[in-house]
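Just the one chain here, laid out as structure tokens, in the form predicted on its own.
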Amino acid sequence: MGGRLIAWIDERFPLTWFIRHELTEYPTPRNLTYWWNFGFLAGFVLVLQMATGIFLAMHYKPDAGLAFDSVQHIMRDVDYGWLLRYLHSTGASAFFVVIYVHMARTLYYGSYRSPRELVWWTGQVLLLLLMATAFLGYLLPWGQMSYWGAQVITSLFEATPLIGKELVVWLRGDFVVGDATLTRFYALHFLFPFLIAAVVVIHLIALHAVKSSNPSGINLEAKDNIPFHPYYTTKDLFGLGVFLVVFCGFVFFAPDFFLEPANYEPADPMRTPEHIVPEWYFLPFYAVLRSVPDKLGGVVAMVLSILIFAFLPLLDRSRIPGGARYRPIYRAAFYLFVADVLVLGWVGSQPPEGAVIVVGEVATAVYFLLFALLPVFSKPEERWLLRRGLPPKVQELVEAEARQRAAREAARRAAEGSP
């Protein structure tokens, strides 16, 4: 009966072909490591967040007078409501952990370079949507830190030239963060995950069009690829098991680890918390914001610190594949960048006083300097590596790309010179 049903569907929709082409028989490099698991983990956490969010929305009240109490109702009165809430709140942090590691792997192995620029850029769109969704959801518990965090972040839009004040009122729906703000943030927080899911589909289509990268950076021959199933489905499921052990450890034994204690107090517009901080995954960018004395300059620097990742395929001019694996200068810059981001995260969590201000300014300068130096050192590093000698396969690939580039340039010039 199942076979007849599948045959009936195949006559009307290429289901079997789609499963074979995009999943089971999808050709995958045989040398992928567990660092490639994090894309699958990101998809799993997205589904978890959407499922728990839908059930939480059934009991949550997007009303300034009821929101805080409705969260307490979910925690105390709804069957397994505490589990849904902790899965959702911990899942938000887990989502950013997975995404940041996924991005770090892409940076380390240079997987953002040709021909995978569109894969990288759609990934950056996903990051922006994820950040927006997290910010919108941060207000919903209507606690002290949620309220004042939204008040501070929305006020940053006042720095927009000419229309700053009108833009802030439009975002809040009022002159201050209030009931109108909560209602629209709730609606958008519910909508954005579905937009994320749509962009994920585009991201995967772009990935499957150019195929997955691998640690060597060399596009393997067809004979060196293996089917995605069962080899990598098994590997992904093992990685998922390890992830769930750590994730459930936080959910059941330290559910408040990523939550601010001030958020267990109802929002009070008349009482400002002593130190307002965003969630941990925004701290590096918050530190960049605070490190620039001018408000408009700080906002521009913070936005640029996120958007600058999209320019990496244009900034990295080296033709050496494999990212940091074969490039010692790039590898040192990568590790320095990771350390700098961690320092910025610490700076963002501290009150802006004393030595913290100086450390934040230096770390911010280093952050942007590394991006600025990438096009400067990438070409000299490439020439030095070519003179020094690379593994035969890598050397052959670089020389083949150079010949193809020269042939395309010659063809272009011939076309321009023809009548």
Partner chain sequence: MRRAALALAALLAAVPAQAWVASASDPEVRAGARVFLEQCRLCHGLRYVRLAELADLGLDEAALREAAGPEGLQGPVAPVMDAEAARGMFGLVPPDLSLIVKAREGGRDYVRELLLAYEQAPDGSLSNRLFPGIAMPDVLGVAGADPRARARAEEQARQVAAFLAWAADPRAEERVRLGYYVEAYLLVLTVLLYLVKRRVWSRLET
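Numbering follows the first chain given and starts at 1. None of the values given here were measured: they were computed from a predicted structure.
Heads up, the form predicted in complex with its partner chain isn't pictured, but that's what we're talking about next.
### Task
Report the stretch among 44-52, 348-356, 387-395, 30-38 that approaches its partner chain in the predicted complex to within 4.5 Å, counting heavy atoms only.
Selected stretch: 30-38.
### Task
Spell it out for me: taking its partner chain in the predicted complex, does every residue among Tyr186, Ile205 and Ala400 have a heavy atom no farther than 4.5 Å from it?
Looking in the predicted complex, the three residues Tyr186, Ile205 and Ala400 all stay beyond 4.5 Å of its partner chain (heavy atoms).
### Contact flag, Arg325 vs its partner chain in the predicted complex, heavy atom cut 4.5 Å
Arg325: no contact with its partner chain in the predicted complex.
### Query
Is there a non-hydrogen atom of Val176 within 4.5 angstroms of a non-hydrogen atom of its partner chain in the predicted complex?
Because no heavy atom of Val176 falls inside 4.5 Å of its partner chain in the predicted complex, the answer is no.
### Message
I'd like to know whether Phe311 contacts its partner chain in the predicted complex, with contact meaning heavy atoms within 4.5 angstroms.
### Response
Taking the distances in the predicted complex, the answer for Phe311 is no, it never comes within 4.5 Å of its partner chain.
### Task
Answer for Tyr138 alone: is it within 4.5 Å of its partner chain in the predicted complex, judged on heavy atom distances?
Contact with its partner chain, no.
### Query
Using a 4.5 Å cut on heavy atoms, which of Pro293, Pro230, Pro269, Pro115 is close to its partner chain in the predicted complex?
Selected option: Pro230.
### Query
Among Val303, Leu342, Leu336, Val245, which has any heavy atom within 4.5 Å of its partner chain in the predicted complex?
Among Val303, Leu342, Leu336, Val245, a heavy atom within 4.5 Å of its partner chain in the predicted complex occurs only for Val245.
### Neighbours of its partner chain in the predicted complex among 233-269 [non-hydrogen atom within 4.5 angstroms]
If the 4.5 Å heavy-atom criterion is applied to its partner chain in the predicted complex, 233-269 yields Thr234, Lys235, Leu237, Phe238, Gly241, Val242, Leu244, Val245, Cys248, Gly249, Val251, Phe252, Phe253, Pro255, Asp256, Pro261, Ala262, Tyr264, Glu265.
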